[in-house]
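Just the one chain here, the form predicted alone, laid out as structure tokens.
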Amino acid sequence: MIVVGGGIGGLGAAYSLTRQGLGVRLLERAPAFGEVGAGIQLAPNCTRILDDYGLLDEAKSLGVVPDSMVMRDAVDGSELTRLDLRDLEKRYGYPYLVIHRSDLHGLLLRACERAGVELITDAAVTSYENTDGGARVTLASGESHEAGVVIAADGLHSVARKLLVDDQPVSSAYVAYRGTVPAELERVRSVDLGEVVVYVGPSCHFVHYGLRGGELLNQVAVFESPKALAGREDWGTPDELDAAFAKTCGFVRDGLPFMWRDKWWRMFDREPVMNWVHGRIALLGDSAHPPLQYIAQGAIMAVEDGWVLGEHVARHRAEDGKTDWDAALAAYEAVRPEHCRRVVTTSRAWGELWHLDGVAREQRNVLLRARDTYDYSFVDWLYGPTALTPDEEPPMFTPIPLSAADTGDRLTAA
């Protein structure tokens, strides 16, 4: 097999497939393997898979298992709602974990090396095509590679996706700034590193949580760019950052000097597509379903994709060891696109909820304050076991309209 893309999704898929006895060659366009960014949140639907891979203990040693997830109003700093993550672990059987992206990437890279994955760098794939016996990729160098199956984990700007749909990434007009703060600084000493906290505000939000056993505080500041809304090309620049958070509470504003100002991440997703397989070429991860980050499931979906594909390889292997790839890819495509469609569309809706202003913000706050800490009805569909067949996909939650609240801090409906 060939896997294109050496990010978290590609490495996860390569490891999953190698566990099934397949020979895997992974092609990465960069000159060296690495991951850019800071923290990443891993919910139980991901830590369950890491445990199956035998990698959970190592991941926990590199990250932090927090006690709570707390949502606060970014304007006044008041608490809106929370999840008890220790109780959540009891409910789903696996922990909620936060880890540095580079630590998760390194963990998967080492697992692939131990498993014997052939890892090739400086291999930018420029085209894909099916062959009589499988599929072929061609590199920018002119070199080609062939295999029985090609898995395209080639990201938001996927080349392989063009075989299935003629679309473009969708700009949200939001941009993210990130930064990490060493534990010895006063900023960190005033923070409970056992909490994952998000401050939600008008057209902006701010997230913080501990990393690397509490050695670092990870911070993320996200805002809607006026320049993007005006159609300018130079949007999301540092001059917009401070202005976007000018009306937030002191704790949030005090965190802005610690954000990296030399790089930022414009936020894009794509419209969901239900067809991921073209002959012996299959999409995986952000090539298939790039989401906005509001429910922290982007990398998790990619890890789930690889695990599901590996499980279907095992289910469709004949006694002679040969895999019925048509059946395995069909089973993969039968279950994953619908789940990921739900995640992509829910992520958009959740982002809209976070960024409300005026009366709508007040209504949202009433509803969130009325929620019981131990009400899991909005995450059961997400944090439970990853479905392998469509009938295993759990039902979605029932939305509560903002009109169910009034501004007198009580529910008028449920």
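The numbering used is simple: start at 1 and walk along the sequence shown. Note that the structure is a prediction, hence the values are computed from the model and not measured.
Below, we refer to the form predicted together with a small molecule, which is not included among the displayed structures.
- Site residues I40, A124 and G285 are all in contact with the small molecule in the predicted complex, judged by any heavy atom within 4.5 Å.
- Proximity to the small molecule in the predicted complex, taken as a non-hydrogen atom within 4.5 angstroms, holds for one residue of G201, G236, G298, G255, which is G298.
- For the candidate set T323, Q293, T248, S225, a heavy atom within 4.5 Å of the small molecule in the predicted complex is found for exactly one residue, namely Q293.
- With the small molecule left out of view, the stretch that reaches within 4.5 Å of it through heavy atoms in the predicted complex is, among 72-80, 148-156, 237-245, 307-315, 148-156.
- Under a 4.5 angstroms non-hydrogen atom cutoff, the small molecule in the predicted complex lacks I2 among its neighbouring residues.
- In the predicted complex, the small molecule lies farther than 4.5 Å from every heavy atom of H208.
- The shortest heavy atom separation between R178 and the small molecule in the predicted complex is within 4.5 Å.
- Though the partner is left out of this view, R342 does not reach within 4.5 Å of the small molecule in the predicted complex, counting heavy atoms only.
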